[in-house]
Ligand SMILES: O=C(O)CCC(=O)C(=O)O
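Next up: a single chain in structure tokens, the form predicted alone.
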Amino acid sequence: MTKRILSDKQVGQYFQDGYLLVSGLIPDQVSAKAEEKMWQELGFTPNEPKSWEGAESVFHSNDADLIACYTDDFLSATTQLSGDEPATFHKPSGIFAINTYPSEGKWDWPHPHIDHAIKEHGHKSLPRPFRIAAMTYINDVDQHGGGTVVWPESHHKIRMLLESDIEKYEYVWKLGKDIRTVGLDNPVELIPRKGDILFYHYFCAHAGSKNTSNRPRFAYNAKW
């Protein structure tokens, strides 16, 4: 049986909106250590912006302090939202970071996308391309500081688009091309704190955003 970490209200919110930002699943000392280790692994100095100029956004690591954010409570919440058997979920063996670094210019709303919509990868829309995804933030994010943007209830609209022509939208990349035809509106810029986790549905429209703050945004993504 899945351990019930999240309240019925939280689970209901996830199914209504297609995403859920959760706090308290990672102990403060674990997320703080993960942020410290991220700086070390990247070879950057927190108070020296020049040290991270030109840094790549994507970063892979098998460091234990970074993986430690995938706590038992984290995995329990993941299984609770997915509705699948806990035995089919495992702690990742590494992290896939998608960091966002400060840049000049005006912040603006980004364009939405759904994951696994790359033509060359050949992911099919049915059965579902993955069960659930999670973004783990290991430092505080300022407004317009690179937080994830989500489109509430977009997963319902995108699912309806798929069902309108299952043959046409056999592949996720074809579905992804047409998601803006379903009337996506009212995007929300999330402003997570260190240790927060964003769970999102496989058809939730979302996007990274420009970081106009004075510090990097560290986060990593996992899918099951």
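From 1 onward, residues are counted along the sequence shown. Just so it is clear, the model here is predicted, and its values are computed rather than measured.
Unshown form predicted in complex with this ligand; subsequent notes refer to it.
The partner is absent here, but in the model of the complex a heavy atom of Asp115, alone among Asp84, Glu153, Asp115, Asp140, sits within 4.5 Å of this ligand. This chain is drawn without this ligand; in the model of the complex, the residue among Ile132, Met135, Leu75, Ile95 with a heavy atom within 4.5 Å of it is Met135. For this ligand in the model of the complex, the listed stretch (87-95, 121-129, 67-75, 107-115) containing residues with heavy atoms inside 4.5 Å is 107-115. By the criterion of a heavy atom within 4.5 Å, His206 is counted among the residues contacting this ligand in the model of the complex.
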